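Below you'll find only one chain, the form predicted on its own, shown as C-alpha cells.
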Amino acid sequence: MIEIKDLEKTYAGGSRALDHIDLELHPGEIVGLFGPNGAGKTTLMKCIFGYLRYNGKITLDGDPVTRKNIARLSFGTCEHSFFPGITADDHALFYRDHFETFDERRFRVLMDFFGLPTDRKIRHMSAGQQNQFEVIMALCQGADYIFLDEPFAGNDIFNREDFYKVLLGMLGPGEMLMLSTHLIEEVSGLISRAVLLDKGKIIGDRQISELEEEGTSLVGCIKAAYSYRPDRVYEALDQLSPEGQ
C-alpha cells in the first residue's frame, strides 16, 4: 500500500500546489485522478516519486520511497522519460538490465498492438507514437504501482477504446494503476475509484461501485463536486451575441 499523510507542496512565490493531502492507494485498484488544470494532479504524482521536495509523509508498505524500492513504482508522464536517441529495442534491453521484473512479453504485445516500430529511434516517431511508447514502458517495467499522467494524448478514439479493453485484461490482480486524465466519460468503465482534486485539496474520493448503487454517473458526481454551472455557457453567449453589444 502507498500511504500519503499530510502532504503539502508549496512552490517558490508561495503558490500552494498540494494542501495537506491524505490518501491511500491499494494493490488491485484502478484509480482515476481528476481535476481542472492546476489542481495538483501532476505535482501529486511527482511527489510520490520524490521528484519534488515536499512536506508530509509518503510510504510504500510502511517504508519511505527510496532507491531500494522505487522499482516497484513506474511513471508514464506526458513530459516523457524515454531516451529519444535510441530505439524501442534498445529501451527493452536497458529495462531488462535494470529491472528484474521487466515483462518482455507484454512489451512485444503492446508494441504490436500500437503498430510501433522497434528499430526506429524514438525521436523519429510521431508525437502520438511517443506518448504510446511512454505508456508501454511504464506498463512493462514490472512495477506494482503504475502512474500514468495524461497517457492518451495524441491517440485517436478508436485506439483509446481498444486500449482500455487491453488494459482491463492485462493488469494482474496485484497491480495498481492511477490515471490522471480529462477523458472522464471514456475511462468511467475502466476505473474502480475516482479521486477528485481541486486547488491542491481532495474534494472527493468515491468507489465507482458506490456511485452505481446510488444511480449516479461518474460525470454527474464530478460536476456536482466542482459545482459545475451549465448556465455560464449561455451567459457568455449572451454577452458575445451582436444583441449584447
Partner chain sequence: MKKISSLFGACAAESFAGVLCVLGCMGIVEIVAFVLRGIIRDAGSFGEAAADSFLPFICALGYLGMFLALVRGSGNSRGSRYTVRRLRVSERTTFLVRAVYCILCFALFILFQAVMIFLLAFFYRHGRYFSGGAEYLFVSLRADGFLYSIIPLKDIWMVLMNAACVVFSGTAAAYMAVLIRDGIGPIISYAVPVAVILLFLMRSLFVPFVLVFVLLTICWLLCLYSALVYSGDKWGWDRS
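Everything numeric in this text was worked out from a predicted model, so none of it was measured. Residue numbers count along the first chain shown, from 1.
Absent from the display: the form predicted together with its partner chain. The rest refers to it.
Checked against its partner chain in the predicted bound form, the candidates 203, 211, 58, 52 yield a single residue with a heavy atom inside 4.5 Å, and that residue is 52. Only one of 140, 73, 110, 148 lies close to its partner chain in the predicted bound form, with a heavy atom inside 4.5 Å, and it is 73. Picking from 165-173, 125-133, 75-83, 110-118 the stretch near its partner chain in the predicted bound form, with a 4.5 Å limit on heavy atoms, gives 75-83. Among residues of the shown chain, residue 26 is not one whose heavy atoms approach its partner chain to within 4.5 Å in the predicted bound form. In the predicted bound form, at least one heavy atom of residue 46 sits within 4.5 Å of its partner chain. Within this chain, residue 228 is remote from the site of its partner chain in the predicted bound form, having no heavy atom within 4.5 Å.
Mapping the unseen interface onto this chain, residue 65 counts among the residues with a heavy atom inside 4.5 Å of its partner chain in the predicted bound form.
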